[in-house]
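A lone chain, given as structure tokens: the form predicted alone.
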């Protein structure tokens, strides 16, 4: 399967890709966080949290729980507790469990979030790194990222790429909240629109690709992860056990955004421009215009065999 961006797919991944993870853990965020923390090519500079799958406070607690359980220590910064414009937060605890981590009941973390807020930290961090030295992987609503776009556009231009999980780019694919909308973009469509139209290089994984049934975790895939016999694999199994048993299979949407950074060669991507509908009727819908000059690379297909191999190997 050929990636459609030669600069992205032909690049040599350096020993340390510096990233900030912006997330709302969440079962699939938690698995993505485990994969990122243990990948030898990634240097996770910080984790920023946002209201989404669960409240901001719970998302922050969950990031810290994962950090503690995996034996890692990366600073965690709290971001936006509400969508832009004060819109009422939307959560998905019915999917992710009352604790947001598949009712895994991980012990509370001793580590505390940093006193500095996510927005100030992001601005300071970008200023102290070289141009295009830092990328972002954003797997929750894009509120934190949009605030940076609105207030510090010159700093956003210093980022390399932003790897997003969100949206639906094929109109024949239905959303997972409404007919039109994927959850992250539905939660904060204004933020999603600011980021997607902002001119920054975006690689986006939407429901078109993340719902590929061949990539979902079912009982067989859960057994394969368990066979990896590592702390990360055991932790992933503990978190995934409940949703897999409840739904038969579970889509790891947020892992796709991380893998589009690490393994772009397993994806087929199409270049486009994207706006996000903020109207009441079609809130969160992607308005996609194919364009060779578009700033968005939308992941359309994935090599499911290699996806699963990278998933198990990454947790091993």
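Positions refer to the first chain, counted from 1. The structure presented is a predicted model; accordingly, all values stated were derived computationally and were not measured.
In what follows, reference is made to the form predicted in complex with a small molecule, a form of this protein that is not presented.
The stretch in contact with the small molecule in the predicted complex, judged by heavy atoms within 4.5 Å, is 252 to 260, chosen from 42 to 50, 267 to 275, 252 to 260, 65 to 73. Residue contact check for residue 169: none of its heavy atoms lie within 4.5 Å of the small molecule in the predicted complex. Shown alone here, residue 139 lies within 4.5 Å of the small molecule in the predicted complex, counting heavy atoms only.
At the 4.5 Å threshold, heavy atoms of residue 176 reach the small molecule in the predicted complex. The closest non-hydrogen atom of residue 165 lies within 4.5 Å of the small molecule in the predicted complex. Screening 148, 235, 202, 207 for any heavy atom within 4.5 Å of the small molecule in the predicted complex leaves a single hit, 207.
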